[in-house]
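This document opens with one chain alone, in structure tokens, the form predicted alone.
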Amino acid sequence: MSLAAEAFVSQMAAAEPWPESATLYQPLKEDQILLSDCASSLAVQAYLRMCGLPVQVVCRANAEYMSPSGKIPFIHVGNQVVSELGPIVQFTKAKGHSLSDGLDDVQRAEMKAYMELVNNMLLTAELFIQWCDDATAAEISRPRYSSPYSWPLSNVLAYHKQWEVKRKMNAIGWGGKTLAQVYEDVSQCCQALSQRLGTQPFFFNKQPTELDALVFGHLFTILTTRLTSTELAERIKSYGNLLSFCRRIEQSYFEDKDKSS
């Protein structure tokens, strides 16, 4: 498809209203999905709920392979398939739904910087703990990741995924880190987020943005996911305002909506 044709299709998609049949795909929730994918999926769900856009969550064992980018989650809206929070934010914005239009240029740049911090620190730490910590990889990550598949494919897929993540960690300079260093990185990230949030209900005062959705997705998932150690969650629990923030979003956008649906 030519660039002009792609632009035309995108323009036509933007003109269409958000359908009730919009679907978000993620791995199997009970047996398969891992911390990092669960956090990313929850961040997108939170964002869409903050925008007031309905979406049905569908779990598929092969969701990772269905995704156009190989990343979780992805949404299917009309004839469009979009994966990951950033592109999904741009997709909804093209349809006239945005949480950050009220920010000025300085605030928008600051928001993007904090989102990069979360992705570079929290998401990377989640991946490191899942696949580079031997105990977590053996007891949780490999068994869950490979659970939908029979042997020997299950082993092949799990060890290949672990190799991929370790290669990524080496490429970004995390390969030689210890678990203690990773926990310290998480603490520093949480400290920066806590200081930015302060006593406000959201990171940019009274209205949530995609930053709030992203932070909630990762913090809430870390706090509620069983790992071989509670150390990761304990680092977050040191910051009372971040805990209150998570509870506030859960109550405002999940508990109330779930009760009314």
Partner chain sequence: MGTVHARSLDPLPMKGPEFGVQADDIEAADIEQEPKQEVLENKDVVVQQVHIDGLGRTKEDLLTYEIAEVFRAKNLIDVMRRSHEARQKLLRLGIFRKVEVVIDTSRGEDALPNGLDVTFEVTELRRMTGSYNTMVGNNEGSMVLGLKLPNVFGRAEKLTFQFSYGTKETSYGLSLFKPQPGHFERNISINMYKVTGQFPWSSLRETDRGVSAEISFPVWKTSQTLKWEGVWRELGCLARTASFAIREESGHSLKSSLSHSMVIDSRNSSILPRKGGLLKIHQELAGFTGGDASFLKEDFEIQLNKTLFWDSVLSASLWGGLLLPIGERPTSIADRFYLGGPTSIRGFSMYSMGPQSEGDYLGGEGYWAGGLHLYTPLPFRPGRGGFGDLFRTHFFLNAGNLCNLNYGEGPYAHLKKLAECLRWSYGVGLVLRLGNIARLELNYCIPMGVQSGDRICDGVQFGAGIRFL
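Residue numbers count along the first chain shown, from 1. These numbers were taken from a predicted model, which means no experiment stands behind them.
Beyond what is shown, the protein has a form predicted together with the partner chain; the following relates to that form.
Undergrad: Kindly confirm or deny that 62, 65 and 152 each have some heavy atom within 4.5 angstroms of the partner chain in the predicted complex.
TA: Spot residues vs the partner chain: full contact, yes.
Undergrad: Have a look at 157, 103, 140, 117 for me and say which one sits with a heavy atom within 4.5 Å of the partner chain in the predicted complex.
TA: Comparing distances to the partner chain in the predicted complex, the residue within 4.5 Å is 157.
Undergrad: Give me the residue from 108, 76, 166, 144 that has a heavy atom within 4.5 Å of the partner chain in the predicted complex.
TA: Contact residue from the list: 76.
Undergrad: In the predicted complex, which of the stretches 88-96, 144-152, 167-175, 117-125 has residues with heavy atoms within 4.5 Å of the partner chain?
TA: Among the listed stretches, the partner-contacting one is 144-152.
Undergrad: So in the predicted complex, does residue 25 come within 4.5 Å of the partner chain, heavy atom to heavy atom?
TA: Flag for residue 25 set to yes.
Undergrad: Quick one: does residue 81 come within 4.5 Å of the partner chain in the predicted complex, counting heavy atoms only?
TA: Residue 81: contacts the partner chain in the predicted complex.
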